[in-house]
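First comes one chain, alone, set out as structure tokens in the form predicted on its own.
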């Protein structure tokens, strides 16, 4: 019970790409995409940088918490790839907000924010930090094969942030990995022109076995929901709001049905933004926080799965008025 959320923020690219827009150059349609995924449109970077989004969401979260960069003791950024390999995206954010706190990136794919929340919990519990800024930022549009209709229609770009401070909000957390380097794979560049490199360059684009991802995701989400509730000493029925990773509405629906979760408690925005990897949960949180959906004392359960294969859940009490 080391932290509580005191501020949220988000930032999205200006460009909106609808399913009909994709149908202009892909063999697909709005009906085909929506019935299989629940997605209508997504945001895509054009002349903006991912850095810009990350900084905007960080500043928004700090503003919401009535804090400045000088108040932050640690900056964590969940991302698969920033605009530069170094400096890290977290360091870029630190510079922009005027912070000299330790700052580093964390890559756990779509579960990155939950990993960051648990790292923040450890720092706060150990007395090494009292205020932590967690930022997620993903430019999925730059990591896709835009001729592959099975994958490129799923994703969008965006950034979200939260500020957590020492408090009594966190009830429990669980992280897990089912190691698999093939089901979801995105290779990296091996180097520009090393005369010693003898490894052939793989194409920089996401490869995904949709069927295997579906089976893993449905079971992992339910398993983590049950485990995090067990650790907190409650049942899934005691949770007020579920904030699942926004990957595919079919996966979410199947998991809810299999593990008997009340659908009226499950928050969604996948139709508007698609899968933004680690950012999905952050934008979802900020959107519904701004709507006034959460009441003080509500129990919120975050659950996600991603490449690795990673999964996890964090359960907390909403302590804001």
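This one's a predicted model, so the numbers in the text were calculated from it and none came from an experiment. Positions refer to the first chain, counted from 1.
Another form exists, predicted together with ligand UT7; not displayed. Remarks below refer to it.
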| property | result |
| --- | --- |
| Partner-facing stretch of 255-263, 22-30, 56-64, 287-295, counted where any non-hydrogen atom is within 4.5 angstroms of ligand UT7 in the predicted complex | 22-30 |
| Candidate site 115, 175 and 315: all three near ligand UT7 in the predicted complex by heavy atom within 4.5 Å | no |
| Among the candidates 104, 146, 85, 214, the residue which, in the predicted complex, approaches ligand UT7 to within 4.5 Å (heavy atoms) | 214 |
| Selected contact from 125, 96, 150, 234, since only one has a non-hydrogen atom within 4.5 angstroms of ligand UT7 in the predicted complex | 150 |
| Residue 250, heavy atom within 4.5 angstroms of ligand UT7 in the predicted complex | yes |
| Any non-hydrogen atom of residue 155 within 4.5 angstroms of ligand UT7 in the predicted complex | yes |
| Any non-hydrogen atom of residue 110 within 4.5 angstroms of ligand UT7 in the predicted complex | yes |
| Contact test in the predicted complex: residue 76 vs ligand UT7, heavy atoms, 4.5 Å | no |
| Interface residues of 76-105 toward ligand UT7, as seen in the predicted complex [heavy atoms, 4.5 Å] | none |
